[in-house]
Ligand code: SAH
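As a starting point, one isolated chain is supplied in C-alpha cells, in the form predicted alone.
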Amino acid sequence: MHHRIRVILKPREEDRLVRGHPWVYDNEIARVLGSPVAGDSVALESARGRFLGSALWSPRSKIRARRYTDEPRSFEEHLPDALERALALRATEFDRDRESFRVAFGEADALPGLIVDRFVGETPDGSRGVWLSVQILAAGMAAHKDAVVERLVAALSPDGIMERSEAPVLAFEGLESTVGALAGSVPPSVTILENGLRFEVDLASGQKTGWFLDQARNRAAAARYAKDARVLDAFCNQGGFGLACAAAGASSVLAVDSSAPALAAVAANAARNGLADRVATRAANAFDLLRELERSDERYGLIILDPPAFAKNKASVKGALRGYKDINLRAMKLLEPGGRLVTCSCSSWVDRDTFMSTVADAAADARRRFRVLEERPAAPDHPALLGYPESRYLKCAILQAL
C-alpha cells in the first residue's frame, strides 16, 4: 500500500535512519503532507525523495515517528508478521513449556513502543498457566492496543494479559499510566522457574513487567563462579543473582537492598527453594554498606553489582558515572585475592565503552588489577538492533582480581 501521509525530513537528516536507527525527532522534519493522528502509518522520505520506511506517528512526542518496516506497508498489515517473527526468534532459544521470556522487545522486534513478557508458571492454588505482561510506551502503539491484544491472544493463547504501562516517558507521549487486566484473568502472583529455581512474580505491582528477564542468563553465568564462595549480592532486588549463587554451592550469600518488599521476596524465594540456611538479607543503602563492610575488613569471593539505571537521561550521565565508579571501587576493595566481580549497568545512556572505562578507573583507584573473564549482553529475548544503541542497554562484565 502507499501511505496517504508523507513525512519529509530536512536535508541530511536521514543518515541515522539509513544506518538502522528507527526514530525520527520532531526537529528533523521539514514538512508533513497530510494530517496524521496518533497511530497513523506514515511514509518517511528524505529531502531528496528517497523512501526510508513506514512509521507510527506520535503527535505530542519529541520522537515524532517510529519506523517499523522498510516497506510501504500499514501497521495493521505489519503487526501479525512482526509478532510471528518475534516468536520464531524465541523458539530457537527457549522452552515454551518451562521458561518465561520476553516475546516482544519494542523497536528491536519491529514493534516500536511495545514490550511483552510471557510468564509460564503456577498460581498460588497450584494451577499452571501462561500470562502476558504488556507495556505500551508510545502514543503511536497505544492507538493499536486492541489489535495488539487480539493478535497476542491469537498467537499465544494466554490465560490472561496484564497491562503495566507505567513509565515517566508516557508523559512525553501524552499518555496516562495504565495498569489492569486486558484479557482473561490474572492471578495475584505466579511462581516461575528460572535456572532451575522457583521465584514468585507479582504481575500487577512487581517492578517493570514483574520480573527482570533480561538478566536470566547472566545470573546463571555468575553462579558458575559461586561454589564455596562468600557472596555479596548488592542491589539484590528479589534475589535472582544471589539465589542462583546459593544453589550453585556458595558458602553464604548476603543479599542487600534498600527495599523492604524486595528483601521479603528474597527471603520467601530462598525458603521456597530450600536455601534459607545460606541466604541472609540486609536492608541498607548499598553505597553506605559497601563502605561499612570495607571498614570492617570483610572479604568476599564473589560480589554482584546489579544497580537500577543510574542515568535516566542525558543530563544525569555524569552523576551516574560517579555512582558506578564508587560502587565498583568499594566492591573491588572487598574482594579476596582471585575473587570475582559481576558488575552491571542497565542504563542505555551509558554505552559499553564508557562503562568499562569507568570500571577500569575504579580498579586504578582501588590499586588492584583485574582480568575480564566475560562480557555479556542481555538475554537473547532482548535482541539489539544494529544502528540503535538504545537497544544495547544492558552491560554485564565478570572480572577476576589478580
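None of the values given here were measured: they were computed from a predicted structure. The first residue of the sequence shown is number 1, and the count goes up from there.
What comes next is about the form predicted together with the ligand, which does not appear here.
At least one heavy atom of residue 307 is located within 4.5 Å of the ligand in the model of the complex. With a 4.5 Å cutoff on heavy atoms, residue 286 counts as touching the ligand in the model of the complex. When the ligand is considered in the model of the complex, residue 99 lies well away from it, no heavy atom lying within 4.5 Å.
Among heavy atoms of residue 185, none comes within 4.5 Å of the ligand in the model of the complex.
Partner contacts here mean any heavy atom within 4.5 Å of the ligand in the model of the complex, and among 81 to 89, 161 to 169, 250 to 258, 140 to 148 they occur only in 250 to 258. Listed residues 132, 231, 270, 236 were compared with the ligand in the model of the complex; 236 is the one with a heavy atom within 4.5 Å.
Scanning 316, 177, 123, 207 against the ligand in the model of the complex with a 4.5 Å heavy atom cut-off leaves one residue, 207. Proximity of 212, 219 and 241 to the ligand in the model of the complex is complete: all three residues have a non-hydrogen atom within 4.5 angstroms. Annotation for 124 to 151: no interface residues with the ligand in the model of the complex [heavy atom within 4.5 Å].
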